[in-house]
Structures are given as structure tokens and as C-alpha cells.
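Given as C-alpha cells, the chain that follows is alone and in the form predicted alone.
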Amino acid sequence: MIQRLLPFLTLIALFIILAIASPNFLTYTNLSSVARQTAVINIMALGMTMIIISGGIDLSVGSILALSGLLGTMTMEKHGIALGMVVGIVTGTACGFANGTLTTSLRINPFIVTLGTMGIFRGMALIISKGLPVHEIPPAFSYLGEGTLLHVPFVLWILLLCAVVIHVLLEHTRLGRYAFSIGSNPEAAYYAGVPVRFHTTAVYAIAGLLTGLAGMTEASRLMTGQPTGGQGYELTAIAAVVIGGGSLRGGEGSVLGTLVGAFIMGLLANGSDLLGTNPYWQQVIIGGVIILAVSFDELRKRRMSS
């Protein structure tokens, strides 16, 4: 029970420490900035939650984010915001579907498959753009990443909607039940009549859709389509799920836990900036936190099995 509450307690403690350590932390400007920056990772991490629960992993989400944002903004240059959003989200969904299809059809470990597609999708973004970012974007598109609704960053409303939808999918639908079953024991799920290939592919496609949306949100926040964007985001998204109680062995995870984990990562990054910490140490901290979170999970499982 204590280990399940640990992410929440860590988030509260981190919030209090930063509020005391930096007078600028509790300002509306800073908290809004944290919310907007963290929302992109949060949306991606929701998809990663479904994948990890089903016993998989996706190392290509950073590349999917870049490709989706790039194609979406390129479409906006000539065809407007609405079609650009559709293209970006459909691109993410197609990439996720490709990951799921390759994993289930070739029966290759998803780590290897997504390691390969990470390079493929990134290469496609660089080839299409010739390595150059997209800048000719309609000004109104900035509302997605920088606008406010009822004094709350608009992107937080998007995140809330995504979180509710994924929570319902995981907890109250057949897809969610099957995802937990596949992650816990794929062979048992198969012999129990679960369409493992179909639902595994569906999970990757939904995660791709969310990553496509995150890519468009990132493009809106920066007002540019960057073929090199999203580098390292896969590590942060995986860390958010693991810190929030997800197990890399599969079969465990929750939307609320992932949200807490992502906000912990966001506060660590923001606190490092406010306190003048070398930004390169952020990667060291993230790596250390992943090891600690996985270690706690392993210790807990060993105690349960003994």
C-alpha cells in the first residue's frame, strides 16, 4: 500500500520543496508553463501506459511525435488547421498501427521492432523535410498549445479528456480487460480465447493516435514543425509510467499513476531550471529514477511471491 502511495507522496513533497526553494515556482506564469510542457509528455505517456500494461514497449514515440507534427504543419501551410490536425493525428495512428502489426505478425520483441521504427520514422521526417523545420503555420494554431479556457491552459482540458477516455478504455471495456490479461500472461490469454494479435495492434494504434495529438500540441506550442523534435521523449514517457506504478513486465499500470509520474518528471525539469541546475543532469536524474522505480517494483513482487 505504501509503495502505491509513494508516487503521490513524492509529487507532494517535490511541490513543497520547490515552493520553498524558489520564490518564482508558485507564480501563475511558471505553473502554466509547467502544465503546458508536461501535457505533451502526459498525452504520450497515456498511450505508453496501455502499451506497457499489455506487456509491450514503444521506443519510437519520439520519432512518431516528430513525423506527426511535421506532416501536420506541412499540411496546414496550404490546406488549413483542421486538415493539418487530421493529418497529424492519422499519421501517429498509422505509425502505431505499423508497430503493432509488425510486433504481432513477425512475433518479434516489441523492443526490437520499435527500436527499428524509431530510426525509420525519424529518417522519414528528415527526408520529407530535407532536415528543415516548418515555420509557415497559421497564427490561430497556437491556441492549442498556448491558449487558455476559463483561466486554465487549453491543453490541460485536452489532457483531461484523453485521461478520462483512456481510463474508461482500461477499466470498463473489453479492450482494457484484454490488455491487462495479455500483459499478465499472453499465452494464457490466447488459450482463453482472447484475440491477442487484434487487441495488441489496437493498443499500439491508440498509443500512436495519442502521440500524433501530442505531436500537434508540441508543434502548436513551439509554432514550428521540427523533424528533429521529440528526441528523448520516449525515455520520459516510459519513466512516467514506471514511476506511476506501471510494471515493465506488463499487467500493471493506471492512468492516475501515469499522470502523477509525468508531473513528477515535469517538476524535476522545472525545478532544475529554476534552481540553475545543469540541464544535462536532468537525464542523469531521469535514468536514476527509472532504476529506483523498477527496483521498488521488483522488490514488491518478490515479497508477494515469497
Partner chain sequence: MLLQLKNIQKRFGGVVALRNGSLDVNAGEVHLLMGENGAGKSTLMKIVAGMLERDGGEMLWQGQGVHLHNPVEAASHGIAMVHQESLLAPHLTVAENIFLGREPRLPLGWVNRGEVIQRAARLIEDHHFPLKAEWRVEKLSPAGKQMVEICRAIQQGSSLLIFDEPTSSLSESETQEVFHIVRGLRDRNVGVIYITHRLEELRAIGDRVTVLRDGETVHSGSMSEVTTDQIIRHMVGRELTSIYSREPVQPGEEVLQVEHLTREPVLKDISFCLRAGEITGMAGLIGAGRTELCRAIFGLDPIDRGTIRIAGKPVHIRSPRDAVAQGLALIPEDRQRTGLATALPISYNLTLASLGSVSRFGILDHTAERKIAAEYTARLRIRAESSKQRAGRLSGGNQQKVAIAKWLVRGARIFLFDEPTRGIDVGAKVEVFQVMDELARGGAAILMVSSEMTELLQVADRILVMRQGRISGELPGRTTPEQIMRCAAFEVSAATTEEHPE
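Numbering follows the first chain given and starts at 1. Bear in mind the structure is a predicted one, so any value in this text is a computation, not a measurement.
Unshown form predicted together with its partner chain; subsequent notes refer to it.
Annotated contact segment (heavy atom within 4.5 Å of its partner chain in the predicted bound form): 194-202, selected among 194-202, 212-220, 143-151, 93-101. Heavy atoms of residue 189 reach within 4.5 Å of its partner chain in the predicted bound form, making it an interface residue. Its partner chain is not drawn, but in the predicted bound form it has a heavy atom within 4.5 Å of residue 171. By the criterion of a heavy atom within 4.5 Å, residue 178 is counted among the residues contacting its partner chain in the predicted bound form.
Using a 4.5 angstroms limit between non-hydrogen atoms, residue 252 touches its partner chain in the predicted bound form.
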